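Given next, in structure tokens, is a single chain: the form predicted alone.
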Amino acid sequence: MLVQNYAAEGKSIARREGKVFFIQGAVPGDVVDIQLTRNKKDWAEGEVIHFKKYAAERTEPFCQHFGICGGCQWQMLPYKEQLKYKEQQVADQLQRISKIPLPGINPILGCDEIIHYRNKLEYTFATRPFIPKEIFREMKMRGDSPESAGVGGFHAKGMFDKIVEIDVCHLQSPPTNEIRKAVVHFCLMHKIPFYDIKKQEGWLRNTQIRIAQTGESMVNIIVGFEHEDWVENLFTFLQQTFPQITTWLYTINEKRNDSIADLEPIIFSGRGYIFEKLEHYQYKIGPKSFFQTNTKQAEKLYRVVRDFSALKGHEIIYDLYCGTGSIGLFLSNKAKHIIGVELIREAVDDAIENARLNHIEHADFFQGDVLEVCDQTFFEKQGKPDVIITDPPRAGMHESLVKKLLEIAAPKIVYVSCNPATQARDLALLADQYEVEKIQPVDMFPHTHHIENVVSLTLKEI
């Protein structure tokens, strides 16, 4: 079966006798045999089980863990081809789903650096590594034992309880890999138990590493329970081995899941936070702060938002889903007033602190659901917006929020999305009152199928 085109979310398309096949693990130009996972009358889904011929555009993946680790799904494609298919994904989904008039799409903004581009990585520790079945069989035939006392790495694709042991990850600059290996080595040497997610027991669970463009860095190690001796010994060793790390923290997580949003990290040394910069703006980042994970590309993204906002200096900007205030503050020198609304209390606190750090006095941030915060009393006190910035999660905006935006009727909306499909759905709901003026895809994550897209909308004249 000849793979003919790219669909979305890492899937490609083949057609046979009028039926469409969505294929995981192939790229346009491949000739493959597939095993169906879903089969309907007009379409089917499947996975590659054999390559008869590889596409001419394929290249050799640079990572030894490609195909086993759950990340970097597109390393077999040259970056130029990745960008082409991402731009195509935006065009296809906006047109097919929104079904509204659209302007031409600006050429995608790619990354200048396609390795070591992440400022944050999270590794998971486990009692044994995930080994694919075919490799496991070979090891057994040789008499090798696949068992291990502990490993550090990433989740295997689609598996919450299987960890791929990583040698070198190319997504974050040194000393990230060295830190992970040092933690594993120390805990193995001192017989400190690694976490077993199935048994819900063990001590060493996860580590989060942040490295800022400012040169500051932060490591947060998540453990299963309090143990003062292990904490003291491990962190003393790490401090001596990696003196360049700015701050060390640990978080006690006794829950069944890995989320630390409701937990309080404990500072072992340093300030407990680091500073990052976008252009000349400074941002304070704690262990639980949300911040774009590709700092250099975030600058490009926010410049697009600033350009699409077409600010003259007198505008009131509402920054919805404002997080730590990064977009609103980035636009602040060209606006009269920035008003951020965010549901998460800690993010609002960070936003207020970031405004203070940058000596921005005309920015205010409010905690709560935008549907409840933005009522008539709020408008009377803060003023109605001239520009609304909305940057929702992958699920897009709730229909009630879209209705609220139509009720507010700001002259301009700039919609930042990490999911063009849900963005297209929301654009269709806004189409009665708004027309799409500009579209700009931005690639934040090379070697993945993820894509950001910025759309500016203007209020129609009635």
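Just count from 1 along the sequence shown to find any residue number. Keep in mind the model is a prediction, meaning the values are calculated, not measured.
Another form, the form predicted in complex with a small molecule, is not on view; read the next lines as being about it.
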One stretch from 166 to 174, 101 to 109, 364 to 372, 260 to 268 that, in the predicted bound form, holds residues within 4.5 Å of the small molecule by heavy atom: 364 to 372
Single option in 273, 321, 194, 123 placed near the small molecule in the predicted bound form, where near means a heavy atom within 4.5 Å: 321
Candidate from 182, 357, 212, 344 lying within 4.5 Å of the small molecule in the predicted bound form - any heavy atom: 344
309, 332 and 386 each touching the small molecule in the predicted bound form (heavy atom, 4.5 Å): no
is_contact(residue 207, the small molecule) in the predicted bound form, heavy atom dist at most 4.5 Å: no
Residue 250: touches the small molecule in the predicted bound form, heavy atom cutoff 4.5 angstroms: no
Heavy atom of residue 317 within 4.5 Å of the small molecule in the predicted bound form: no
Non-hydrogen atom contact residue 391 with the small molecule in the predicted bound form at 4.5 angstroms: yes
